[in-house]
Structure formats: structure tokens, C-alpha cells
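One chain is shown next in C-alpha cells, namely the form predicted on its own.
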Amino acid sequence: MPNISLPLRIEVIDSHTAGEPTRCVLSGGPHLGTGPIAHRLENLRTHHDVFRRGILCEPRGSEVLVGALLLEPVDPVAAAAVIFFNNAGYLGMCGHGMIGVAATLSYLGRISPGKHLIETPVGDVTISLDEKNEVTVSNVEAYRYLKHVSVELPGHGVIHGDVAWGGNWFFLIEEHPFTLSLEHEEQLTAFTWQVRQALAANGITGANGAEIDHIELFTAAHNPANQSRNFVLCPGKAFDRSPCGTGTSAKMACLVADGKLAPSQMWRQEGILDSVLTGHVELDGDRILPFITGSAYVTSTASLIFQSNDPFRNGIALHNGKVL
């Protein structure tokens, strides 16, 4: 793809939510039109994917970084619209990223404490910012799609998990032999990546054939103040440093389906860094509406520079030992 696809400078603000970074893109992006956010996402994916690569892939980014492209909303009542992406592709929603977006908009003075509407490709989301900069995300509807799905994993036998939607597609596993701690990160990554590959090989998908690109392991919490501990493998093969907002939404949907979580009952989800996101659900008939609460902190403002003679100007996308 030609270098002229990228501008010379892109303005960003970085933050982290419970340890997981978000990079908000403020200016310098391509013109994607003014239609629905899902259509603008397809425009970005089809015609301007080098933009995602240049911002999120090495040498300017890393596999753990999530991007949030801020756009003008369709609805003038909305505070912003956002498209989330990472080193591997695009995300429907991102819980930790949405909390990071709220912190960034607050830092810029574009929102104040109160409720604000944010448009995403998978639906509108409401964020509530309090005086202490704590954010509650009223996420898109969550639900369990399949229960106790079996898949054979070489070296591990048959494993079982639930397929659920929380803004992204998840395979949630509680029966496994692992301790969820950083010292076992390589084992956890290898196992969850193998699960993802096995799901694809066996044709196990989300609704309408959607790829299940997040794998989530659970154990009892290390801190008795919390209800659960998780490890989440993200689409780009990096693990989530936070407890994962969309993953927590998917988990709560499964708990509701099993009669183990009541409306308004608090759920404290502990992540691999011991950080916590707090959640609860409300019911609208049969619809499960998840709420996720956490805090994000701005870590830097930056101008990303794209020199015309830089051989890696468009980013270094690594795949199976090759530079794409």
C-alpha cells in the first residue's frame, strides 16, 4: 500500500484502564463519510486499513494497545462516535477502551460529570462520569449464545465453554487446570490461542457465523472481596491487562442465564494484574443490559510522525514469521 495513504502527523492521547492501554486518535485520520458508524468502519477497514496499522502496530504501537478513533456522531445529542481497533483488526465494542475514551474526553474538556451518549459500530453506549472521574459504561445488550460447548484440544482432551456476546464474541472456560497469574502467562496464552484455533477448525462460531476472537478463562478470585478472576486472550494474541469490560459483560450474561446473578447485584471481576472492574446487569424483558464501572488515567499526549522515507512508515504487521 503506498505511503501517501498516511498523513505526516496524527494527534493522539494515551490512557490506561485497570492497566490496559487505549490510544485515542484525535485528528489526522482519513475522511470516512458522515453515515452510520458501522458503514464508516467498513470504509476504514476496506480502504484505509494502513491507518490502523500505522498507529497500532510496531514501531509506534504494540500488540497490547487498543485504538479508539474519535469521530463526529450521527446523532447531534451524542458526545462522540468511536471505532475501536487493535493490531489484528477491528472491535465492535471495547469496555476498557470506552472508559479510556471517557477519561480522554474529560481531560480535553469535551465532557463534564454526567451521562453522555457515545455511538459505536454495534450500537449506542451511554457513559456516566462522576466527580472522581470514575466511569460507568451502559454497554450494548449481552447474551449467551451457546452453553457448554465441547471442543477437542490436542494435548488437553475435550474442553467445554460457553459462547457469549458482550460487545465482542467470547468463549468462556471455567474448567481448566491453570492458575491465573502472570508467572503462567506463556502457558495461558498458548492454551487460549490453541482454543481459538480449535474453535475455528471445528466451525464453532457466534451468531451468523461470527468469529469467536476472545477466549476467557475463569477461576475463583485471589482477593475475597471479588467474585471472580479472569485471563482474556485478545484477537491479536495479546492478553488483556484489565479484567476486560466486554468479557465481564459476557460473563454476567452467562451468570444471569444460569440464575446466578440477579438484576442490580454487584459483580467484581478481578483481572490478571489484580485490578478490578465492577459490573451489574439490568433486565429489559428478556434483554440483558450490562453496566461496567472503572477508572482510566491519561498517560501521554503525542504526535505520531510518519516520515515519507521511513521504510516502516505504514507499520510492521507481523504474521506467522512474516512482515506484512
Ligand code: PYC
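What you see is a predicted model, and the numbers here were worked out from it, not measured in a lab. Position 1 is the first residue in the sequence shown; the rest follow in order.
Keep in mind that the form predicted together with this ligand is missing from the display, and what follows is about it.
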Under a 4.5 angstroms heavy atom criterion, identify the one residue in 102, 83, 215, 94 near this ligand in the model of the complex.
94
What is the one choice in 57, 288, 66, 69 with a heavy atom within 4.5 Å of this ligand in the model of the complex?
66
Only one of 146-154, 173-181, 110-118, 238-246 gets a heavy atom within 4.5 Å of this ligand in the model of the complex; which is it?
238-246
Tell me, yes or no, whether residue 168 is in contact with this ligand in the model of the complex, where a contact means a heavy atom of each within 4.5 Å.
yes
Could you tell me if residue 234 has a non-hydrogen atom within 4.5 Å of this ligand in the model of the complex?
yes
